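One chain is shown next in structure tokens, namely the form predicted on its own.
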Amino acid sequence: MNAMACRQIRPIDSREPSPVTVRQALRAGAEFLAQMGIDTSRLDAELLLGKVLGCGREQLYLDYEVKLGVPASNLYDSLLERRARREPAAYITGQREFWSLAFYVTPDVLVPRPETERAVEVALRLVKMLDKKRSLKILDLGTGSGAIAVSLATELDNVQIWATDLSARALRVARTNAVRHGVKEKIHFLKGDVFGPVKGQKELFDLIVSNPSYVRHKEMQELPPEVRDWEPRLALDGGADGLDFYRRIAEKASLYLADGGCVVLEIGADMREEICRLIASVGCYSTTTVYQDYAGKDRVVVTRKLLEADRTNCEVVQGG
């Protein structure tokens, strides 16, 4: 980053006779980030100044003419510099909103995305069709920050959720979010790869939900720098064709689903046909249903485990 450019937009300089206001700091910060190629410059300036002042974005506008002191100004500038280096704003603030909840995030987990909320919506719709007289059992594969598991737990009363992840650091983040939102008693966090941590829980789950890694290996370098250079590669790279984790889930999910249980998978917007063919080839599931996100892009695939009497060509690979 151009250090001179940063000095030029400093919201406050100790040599100046009077400090700048919140309004002036927001304007200067947004202009600087825009010059550095940040598309969300105004939003990010608000988030970063809110972090410095310990308040939400709305409060900034209520305190529009409040003046910043030198320490606050210096800290704001340092956060702007980090964002100019394309560090995601969520990692700088340590927080990202998802499902109207404030999730704690670190570079050990993907930043929760709005499109993943569609998977939560679809899962909740399916839950309404299940037997509510008993505790529902849900498995969240690759939980990351816990965004899906925690969101579902806040919405459902009679539920137990198993949330797995290969990363111990990611699980610490997810546990923090479960505690933050008062649902830690509803979620069992388990370290391991895909179904490994629940290999003894055959035919237990009513619902399996996942946002798998699905970026094709050759496309990794084409990702925005905020994603490519900062977010965990393990949570992004889906192999040569992006389908590595979908194969593993499709091959083994029926082992862990109760009869009639469902699989809910977030997908890349151009992966619909490949994933539907993959699921159909296993022979254990009903016809897939694809849901679009609010941008009109294919985003969630749902399939249901066939009842035993209907499974005519179901070959399941044993193991975790």
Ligand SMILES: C[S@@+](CC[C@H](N)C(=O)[O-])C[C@H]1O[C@@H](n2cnc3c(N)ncnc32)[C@H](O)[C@@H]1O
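What you see is a predicted model; the values in this text were computed from it and never measured. Residue numbers run from 1 along the displayed sequence.
The form predicted in complex with the named molecule is left out here; the points below concern that form.
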statement: Exactly one of 136, 223, 166, 101 comes within 4.5 Å of the named molecule in the model of the complex through a heavy atom, and that residue is 166
query: Exactly one of 81, 241, 155, 193 has a non-hydrogen atom within 4.5 Å of the named molecule in the model of the complex; which residue is it?
result: 193
query: Check 21, 50 and 60: does every one of them have a heavy atom within 4.5 Å of the named molecule in the model of the complex?
result: no
- prompt: Residues in which of 178-186, 244-252, 88-96, 68-76 have heavy atoms within 4.5 Å of the named molecule in the model of the complex?
  reply: 244-252
- prompt: Wondering, does residue 207 line up within 4.5 Å of the named molecule in the model of the complex on heavy atoms?
  reply: no
message: Quick check on residue 173: any heavy atom within 4.5 Å of the named molecule in the model of the complex?
response: no
- request: Find out whether any non-hydrogen atom of residue 211 is located within 4.5 angstroms of the named molecule in the model of the complex, and reply yes or no.
  value: yes
- prompt: If you check in the model of the complex, is residue 235 within 4.5 Å of the named molecule, heavy atoms only?
  reply: yes
field: Members of 96-118 lying within 4.5 angstroms of the named molecule, judged by heavy atom, in the model of the complex
entry: 110, 112, 116
